[in-house]
Every structure is written in structure tokens, then in C-alpha cells.
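The chain that follows stands alone, in the form predicted alone, written as C-alpha cells.
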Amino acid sequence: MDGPPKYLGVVTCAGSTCHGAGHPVGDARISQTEFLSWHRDDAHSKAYRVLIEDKGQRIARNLGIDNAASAPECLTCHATYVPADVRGKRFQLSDGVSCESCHGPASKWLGQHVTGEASREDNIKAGMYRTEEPVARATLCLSCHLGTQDKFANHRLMGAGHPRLSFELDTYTLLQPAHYRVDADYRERKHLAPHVQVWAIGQTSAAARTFDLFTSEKWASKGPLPEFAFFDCHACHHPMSEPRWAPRETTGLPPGVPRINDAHVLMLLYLTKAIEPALSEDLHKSLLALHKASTESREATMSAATALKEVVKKVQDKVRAHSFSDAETVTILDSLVKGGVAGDYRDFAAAEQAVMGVHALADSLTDAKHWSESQAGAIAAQIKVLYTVLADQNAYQPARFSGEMQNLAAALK
């Protein structure tokens, strides 16, 4: 087929003999119920619908947009928003974030895919996206869950009512309603990275993307400070009745100073301590320099952010080439937990990343049978408790979180 690949729409995947079966097909390589899993349980299928509901319309009005469901600013992340000339006859924006948002435009690979004769590599060569690879998946997911040079949920959007964005690759992958089964056939066709590697790649990718956007002229604010979306929301937006501030060694900031959201970099500090301590020191110094510069001037802040970005890129290169041993995974997990006990996660965003990180690392060690079944169960139960501490960002209590991290430390012994 000549010309650019086209997006054909969900309906081309949803046939009962393809991915739209009403129940799993026992002798098939796949369940064939993938469409139903997406349609019934996956929030991506409802992303467009959000735009026509009251909340979406209210946000649009606050932004001066007549209709969120037709606004490119909204559709770029709430639908498979592609140019009209690459939309097939059965393509619909109202399908939301659909199959082709993740797997790529289907026109050049669908035919051979349907035959069942094409290999995974054949489909990839024809344009199917390699979602199983952590780097590729992180790049794709972050395009909406954080942003790109073309689209970004800035403070204007959040001020209008859009929810705060948060992302962690391994956890969000697990939260996806599974529309595949990891069996021997899956492992033969696709690379399955351990949880620790997915987490590490996700953190480096998110940190690198954050500072690419932070230093971008396109997303720079017009005021004296950097774009507010890069700051820790809860440094300003929290109940005034409960003072929360306490010193944190990795910021060096006094009370009353808005803090840049450094949650992903904080995770990288613990990660690099285990695999390259010298790089961790460089990262620490660069992070302190950024926080200090943020109290001086916009020019100093951008200069420090650019320097930090270069160190993050070094961490990214290191992590992508690294295979994590169980011993390293244990070291990183212990370090994250010790940070929690010490009170490093007084910021909600940092606590959120820490729990998701602990979860990913614990899953890796459980898969490796590092613990007895009973100890693994006790650790999993305590991680669930940590999630309950994060259930309401407006009611987050740092002291309680540190206490529950202490309980997790005990479970890990």
C-alpha cells in the first residue's frame, strides 16, 4: 500500500474471530477477548467520553474552549488524534485512546497480522509499535502522561480543573486491564523485562522528559518563574491548618519556598547509589544546584536545569544498558525504604513514586523467589497499607507514611 500508513479504527480489531470474542478461545495463542477488556475495563476507551461529561465541559469553559470534544488541545491525549488524511473510513475519534494509539496505524500490518502467519518481527517491520519494550513503552506513555514538545498539561490547564498528572511505568502497566497473557508462547515472541528494569527505565525516561520540557522555550512561562506545572503541587496546595514543612537534605531549601517537583530524580538518586555511586553524587549535586538556583533567578534556574538534564541523560544511558541483579534490587529497595523512614518523602509526589517503586522492586524479588512465600505475603500486605496512606492526596500525613515505611522495613528483615 502506497502513501503513509492509515489508522483504520477499533472496529477493524473487534471481530469475534480476531480480538472481539465473547470469551477466551482455549486453543488460541491469545485470548481473543482483548477488545472487550479494553472496551469494558480500560480507562483509555473512556478518554473521549470524559470530554463530553460535565467536568470536561467545565474545564473547557474555564479555558475559553467552546467544546472539549472538538478541541485539539484536549483531543491530542483523549483520543487517537491524527490528521484527517490518515484516517480510514471506519476510524472514529470517539473511540478514545484506541488500539492504534498504542500499537500504531494498522493499514500496513493488519493484513498480514490477521493471517496469523506473520512473525512478531514481520509486524514490527510493517509498522506495529513495540509496546513490550520498556524504552519504547515509556516513550509512548509519557507522550500523554507527562507531555511532549507539542502537548503538555501546563499550570493553566490544571488551574482550569484538569487533574494533576502522575506516572510510573511498571505500576501503570500493571494497572492496565490485561489484554494479553504471559505464557510460554508470549515469552517466545516478546521480550519480558523484569519489574526492576521497567521501573528504572520508566524513572529515567520521566526525569529526562521532565527536564527536556522544563528547559524548552515553548513551555516557558511568561512570568519571572518557570512554568508552575514543574513545581510540586502540594508545596502550595495543602491545608493551612496542618504545617507540613520540614528540612530535606536533597533540596537544601528553607521554609516558604515553592519546590520544583523532583520526585523522579529522587528515585534516581537511590537507584544510582546501587549501580554507580559516583553518578549518584553528580546527580545529587546537580539537584541541589537546581533547588538553590530556583531561589535566585529564572536564568540561573534554567542553567541549573540544563546541567541536571545532562546528568539525567547519563543515568538514562547507564540504566538502559544495565541488567539488575537480585542483590542490586535488594539494595535499591532497602535504600528507598530507609529514605521513607528518614522522612525523605514528605512531599506527596515523592511518596507516591516511592510506593510505586517499592512495589515494582518487591515484585521483581518475588518473581525471583528471593523471599519465602510467607514473607512475600507480609511484604505485599504492607505495601497495600502504604497505598492506603496515599488514598487522598489532600489528607496525606508524612508522619504516618514514615511510620508505615518503618513497618515495611521490619517486614523486609
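In this text the structure is predicted, and so the values were computed from the model without any measurement. Residue numbers here begin at 1 and follow the sequence given.
Only in words, not in the display: the form predicted together with ligand HEC, which the text now covers.
- The stretch in contact with ligand HEC in the model of the complex, judged by heavy atoms within 4.5 Å, is 230-238, chosen from 230-238, 281-289, 299-307, 336-344.
- Although the partner is absent from the chain shown here, none of 209, 382 and 403 has a heavy atom within 4.5 Å of ligand HEC in the model of the complex.
- Only one of 86, 140, 118, 253 comes within 4.5 Å of ligand HEC in the model of the complex through a heavy atom, and that residue is 140.
- Contact annotation: of the candidates 90, 125, 320, 189, the single residue with a non-hydrogen atom within 4.5 angstroms of ligand HEC in the model of the complex is 189.
- Looking at residue 135, you'd find every heavy atom of it more than 4.5 angstroms from ligand HEC in the model of the complex.
- Taking the partner from the other structure, ligand HEC in the model of the complex has a heavy atom within 4.5 Å of a heavy atom of residue 55.
- Using a 4.5 Å cutoff between non-hydrogen atoms, residue 78 counts as a contact of ligand HEC in the model of the complex.
- By the criterion of a heavy atom within 4.5 Å, residue 326 is excluded from the residues contacting ligand HEC in the model of the complex.
- The partner is not shown here, but in the model of the complex the stretch 7-34 reaches within 4.5 angstroms of ligand HEC through a heavy atom at 13, 19, 30, 34.
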